[in-house]
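Heads up, what comes next is one protein chain in two forms, each shown on its own as structure tokens, labelled structure 1 and structure 2.
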Structure 1
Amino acid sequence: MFTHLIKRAATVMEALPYLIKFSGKTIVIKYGGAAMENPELKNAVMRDVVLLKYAGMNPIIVHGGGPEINRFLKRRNIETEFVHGLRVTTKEVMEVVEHVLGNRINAEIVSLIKKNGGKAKGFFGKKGRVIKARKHLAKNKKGEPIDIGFTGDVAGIRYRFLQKWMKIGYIPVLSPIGVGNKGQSYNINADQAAEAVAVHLKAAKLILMTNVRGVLDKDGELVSSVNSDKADRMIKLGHISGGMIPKIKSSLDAIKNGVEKVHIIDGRIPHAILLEIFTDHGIGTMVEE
């Protein structure tokens, strides 16, 4: 008569090997703006993250916000362009980026974590100064330098500060806004920010949640694993483009710099994070050296 309850207990018990494996480990989750479009799913993702924390892991979130930034820019009639998947950030664009990422998305994620019983602390730009940044030096196809404004690269992460918050039970939530040495804000690609956080915190896993199943080949089929040779080839042939370029580059850098596992997964699948951590069936694309 307890059959279904016993089954449920068995399902919970199946998590034990993974709990042992990841107990105390840091897991960096990049939650892409593109996968955030459904509000119910957003809440469910944060519930999964809270579960990880109470299961003894140290999750930390770095979020994106591309689509919402685009909507805001459009509403204000501000045009933007992308160079190799990176946004050209003028002063006007930077104001919108800070407003959308910091005041809206970051605050919303923090409140969803709290609503689901977790403790969260939001950091962006000058708030916490977690990400130190410098201007990104871009080049055009001819190799000549071009100015892409307040688009930045990560110059450092205050990781000990983050560790302090994690130790006392908090889930840090980071917007990819860095601060330069003169106090100016820089817009950083969220995949690059997540990679830097994962490397500095020596993360066991970096999970990049996006709005596609993973890396797709030219026929739209899922590529289950990718290394740097394969990625270079796919980029050259134009089979990897746009926002997937910084994502792949950041993933490869993370692996090279000591992050144990990197996965690009579909954030639209319910419980995608739990499937990735608590089963052996890897979903999405695994990035290898």
Structure 2
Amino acid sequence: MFTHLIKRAATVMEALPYLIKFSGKTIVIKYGGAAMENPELKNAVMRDVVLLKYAGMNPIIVHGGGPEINRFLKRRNIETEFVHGLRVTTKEVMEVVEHVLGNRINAEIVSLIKKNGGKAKGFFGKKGRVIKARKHLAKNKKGEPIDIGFTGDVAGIRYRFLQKWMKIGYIPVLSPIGVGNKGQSYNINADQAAEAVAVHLKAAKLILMTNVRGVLDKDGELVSSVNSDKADRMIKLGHISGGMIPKIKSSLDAIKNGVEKVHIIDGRIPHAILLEIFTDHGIGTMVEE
């Protein structure tokens, strides 16, 4: 008679060991991909994040926004180019980046968290000055320097400032815009920004939301976990390639610098964050030492 309710209770109980283990721990979520494009997925992600907060964890969102930046640049007839996967950020492009990431996407995420019962605080660039930045020094194939404008690297994180907001119940939402020593804003790769936040806060987990299932083997099957040795072998064999290589290297750097676990998950799956954290099998690839 109560079979379906008992199954539901069993699902809840499966989460108990993880609720105990991660209570009070920091979870950094790099939010991007399809989960930012689909309205239903957007709302589902924010509900997941609010649940994490009410379950006693300290979630932080670091978001991207490349596709929307591209759309705005196209509307304004501003040319954009990339060097080694990084956007060349002219003054004109930087203005668009600040508008899209800060005034639009960041504000929308904060609003969605509030609508789902949470408290959120948005930070980007000079608003909070959470991410300290320096100019990225790019080089061409000959080793000669290339000026790619206001594209930056993370130079530091105001982690105590973030901890203060988390302690009083807020979920920090960060755009990957840093500020240099002279007050100049810099456009930073969102994966790099999320990694830096996770490292400075010694996060229990860094979750990278993507548009793929995770790391796949030569037969296209999901690899549930990788460490540095396994990742090196898969890269040499060509099983890990393209945009997954920098994600894996970034993940391994995070692990080496104090982050306990990194998860690469498919943001196209509703409630992907909860499925990865609170179930025995997970749904993505876990990167470990």
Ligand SMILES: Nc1ncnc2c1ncn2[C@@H]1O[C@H](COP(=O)(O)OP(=O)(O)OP(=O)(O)O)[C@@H](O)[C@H]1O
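Just so it is clear, the structure is predicted and the values come from calculations on it, not from any experiment. Residue numbering: sequential along structure 1, first residue numbered 1. Definition used throughout: the rigid core is the maximal C-alpha set that superposes within 1.5 Å between two forms.
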Report summary line: Structure holding the form predicted in complex with this ligand is number 1
Requested in this report: Align both forms on the core first, then report whether residue 218 has a C-alpha shift of 2 Å or more between the two structures.
Outcome: yes
Query raised in the report: Is residue 10 one of the residues whose Cα moves 2 Å or more between the two structures, with the core superposed?
Result: yes
Query raised in the report: Core-aligned, does residue 241 move its Cα 2 Å or more between the two structures?
Result: yes
Query raised in the report: Hey, core superposed, how many Å does residue 35 shift at the CA between the two structures?
Result: 3.3
